[in-house]
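Quick heads-up: it's one chain on its own, the form predicted alone, in structure tokens.
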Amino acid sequence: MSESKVVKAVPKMPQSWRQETKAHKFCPGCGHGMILKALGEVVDELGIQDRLVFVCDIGCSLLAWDLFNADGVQTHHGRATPVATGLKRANPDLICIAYMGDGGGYAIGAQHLVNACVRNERITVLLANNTNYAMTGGQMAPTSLIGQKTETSPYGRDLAKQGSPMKGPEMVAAITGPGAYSARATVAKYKQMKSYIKKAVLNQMEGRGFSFVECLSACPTNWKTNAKQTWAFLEEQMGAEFPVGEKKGGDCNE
């Protein structure tokens, strides 16, 4: 006879923690709202609202500072990862989520991301990749595609001058230790994205290692695209450059 598994009941959220759904402050068509909705659903399903610390970076991600009825910290640009690390080390019972854009994680915050990976910090990092610095007008970012025109690359990103787009989840998978989780999701596949975010949070809760999910996100304001063009760029061009899937942990071999 197989042993029965003990399943812990998810605690009910106290009435004092409940709040009505509120509209986000992002531009119409922006993908941040979908990423944050998925995170909110995961927090509710896991019953961790009273342990959550939401750490948001400067940039468009900062507009999420008051979306969750939970403890939060706003950091200087690129510093969400070390702040989350410090909170987790000071109180390991906390669930620390660092939320940022591609600039905050792969440019000014790259040193923090790399060293948190090397140390296999027990935090979760969620990164929105929309291939540009959206808050400040749409400049070229580490994830801008080859040939992509931005405010600072009017003739398109040049491979010879600016190099290749950053592959964050692949890097995280390569430099983290055992127990880490790394994946790339897309707002075009909401259920899959939510499942990856949930795995990343559970990985932290189980104390296994660093957890990272990059989410391909839409930015029609700075891409200057209509709805059809936005979805085509997200699914076809970004999807081809940035393969969606788990890179370490989950269903992958570690």
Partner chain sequence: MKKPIEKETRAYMTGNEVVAWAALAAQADIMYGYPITPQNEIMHYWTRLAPQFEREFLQTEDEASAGFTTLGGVMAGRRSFTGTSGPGHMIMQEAMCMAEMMRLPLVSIIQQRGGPSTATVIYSQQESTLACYGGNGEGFRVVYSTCNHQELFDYTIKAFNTAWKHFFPVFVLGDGYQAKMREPVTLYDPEARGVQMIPTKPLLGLPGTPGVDRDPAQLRNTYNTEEELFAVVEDLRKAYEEIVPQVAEYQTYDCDDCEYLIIAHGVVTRTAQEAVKNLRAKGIKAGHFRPVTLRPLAADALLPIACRAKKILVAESALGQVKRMITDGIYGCTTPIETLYKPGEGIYTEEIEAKVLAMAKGE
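Residue numbers count along the first chain shown, from 1. No experiment lies behind these values; they were computed from the predicted model shown.
The following text describes the form predicted together with the partner chain, which does not appear among the structures shown.
Complete contact of Val53, Trp65 and Leu94 with the partner chain in the model of the complex (any heavy atom, 4.5 Å): Yes, the whole trio is in contact, each within 4.5 Å by some heavy atom.
Contacting member of Pro165, Gly138, Pro82, Gly168, with respect to the partner chain in the model of the complex [4.5 Å, heavy atom]: When the partner chain is considered in the model of the complex, the option within 4.5 Å is Pro82.
Sole residue of Cys27, Ala70, Leu46, Met205 within 4.5 Å of the partner chain in the model of the complex, by heavy atom: Of Cys27, Ala70, Leu46, Met205, the residue with a heavy atom within 4.5 Å of the partner chain in the model of the complex is Ala70.
Segment assignment from 141-149, 122-130, 106-114, 180-188: heavy atom within 4.5 Å of the partner chain in the model of the complex: After filtering at 4.5 Å, what remains is 106-114.
Residue contact check: Leu159 to the partner chain in the model of the complex, 4.5 Å heavy atom: Close contact is absent here: in the model of the complex, Leu159 is far from the partner chain, nothing within 4.5 Å, heavy atoms only.
In the model of the complex, Thr176 touching the partner chain (heavy atom, 4.5 Å): Flag for Thr176 set to no.
In the model of the complex, Ser153 touching the partner chain (heavy atom, 4.5 Å): No, Ser153 sits far enough from the partner chain in the model of the complex that none of its heavy atoms falls within 4.5 Å.
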